[in-house]
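Only one chain is included here, represented as structure tokens and corresponding to the form predicted alone.
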């Protein structure tokens, strides 16, 4: 059935005696033309497919790895003060962000915590793209002194000491090295890691690392990477789709009147602004509403001055310098597309101040917004792009496409209604808290709930 100017669904009405009775069909008005080119364009935004495979992580879709990763994600022991976990900044009740402008782990960070919802669809991870896989991204916060501040040696020690973690690790990755168990049993401290980028090489933890035999350093690195791969397996399950927008697009394809009613008239008008006057699709396109690339949108800074964060320019350098990228020795696929992307990546000055385009799906509970959390809510975001008040810096990207949209109050309200329609179905409650045990029965291999 072809969608017409008005579609119909059944509703209830009050009968003359006050009782609820079947009503005359109530009309769900279509206020936009959904035929032809627009219908085809909308099909490129929905439905949200399964997350792309990650061949660099052989356990990316292993339920046992995901359960171990979920346990590690919520474990505060993996921090220098014993009070910070991944979930401290990525709170399930706040859209896997933290509600702060700047992240607060062991110390305050320099950027806003990005959401982990639908994170597995991104080609590059973090605001500056310093990681090219979920497992690589999981590693840096563990050892960053502002985030969790632990060391890879301490992580290996915790897994070895904890019977549940040790058995879960063994199920997925094999038994831990004998020397490690002996060292832990003997009370040896493993608070060791290589020096971080820009850090002097003679720090205490770096000195302990240098004192370990090469084969033991290799073992600790392997455990560190495997922990990241397990955490990534859990994060791949944090997918929220099936939004009112998706049901609307499905209704277009099926001619389903009820599904077409999923998008209010205001949201429909907002959709047209999004596709047209707002030019939003230049960066927010595809099923995850992000091009996955990097742009400088001249955003005002949190401190009120000119930008000082180099963004993608520094992120590319960190990525290229790392041993944990897709083409490195810890990747499970050093010849695939991700590895080729690294080999062709270059650090260029034109990327200075650029940051990755966030997904527009599931914006609820994610305020504040942008890489410094400098825009307090969605209304502030729409106001900025409408007027560009307080815009800072200059870039080639800004000169090409960044212009004030001059949105009216009604247009902003409609665009907000459309953005609200991109909130998907809630995640399974089992994903929002630590698992009862880090180990599942390896013979049962259940399907991990979403």
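Residue numbers count along the first chain shown, from 1. All values reported here derive from a predicted model rather than from experimental measurement.
Not on display, but discussed next: the form predicted in complex with heme C.
K.L.:
Thinking of 159, 183 and 222 as one candidate spot, does heme C come within 4.5 Å of a heavy atom in every one of them in the predicted complex?
P.N.:
No, because 159, 183 and 222 lack any heavy atom that approaches heme C to within 4.5 Å in the predicted complex.
K.L.:
Heme C isn't shown here, but in the predicted complex which of 389, 37, 401, 409 has a heavy atom within 4.5 Å of it?
P.N.:
Only one listed residue qualifies here, and that residue is 401.
K.L.:
Name the single residue among 30, 381, 417, 48 that comes within 4.5 Å of heme C in the predicted complex, judging by heavy atoms.
P.N.:
Spelling it out, the residue with a heavy atom inside the cut-off is 381.
K.L.:
Just one of 189 to 197, 282 to 290, 319 to 327, 248 to 256 has heavy atoms within 4.5 Å of heme C in the predicted complex; which?
P.N.:
Within 4.5 Å of the partner lies stretch 282 to 290.
K.L.:
Contact between residue 147 and heme C in the predicted complex at 4.5 Å, heavy atoms?
P.N.:
Residue 147: contacts heme C in the predicted complex.
K.L.:
Could you confirm whether residue 128 comes within 4.5 Å of heme C in the predicted complex, counting heavy atoms only?
P.N.:
Heavy-atom contact with heme C at 4.5 Å: present for residue 128.
K.L.:
Since only the chain is shown here, I'm wondering whether residue 59 would be in contact with heme C in the predicted complex (any heavy atom pair within 4.5 Å).
P.N.:
Answer no; every heavy atom of residue 59 is more than 4.5 Å from heme C in the predicted complex.
K.L.:
So, residue 209 and heme C: in the predicted complex, are they within 4.5 Å at any heavy atom pair?
P.N.:
Residue-level check for residue 209: no, no contact with heme C.
K.L.:
Go through 292 to 317 residue by residue and record those having a heavy atom within 4.5 Å of heme C in the predicted complex; state none if no residue qualifies.
P.N.:
Contacts from 292 to 317: 295, 297, 299.
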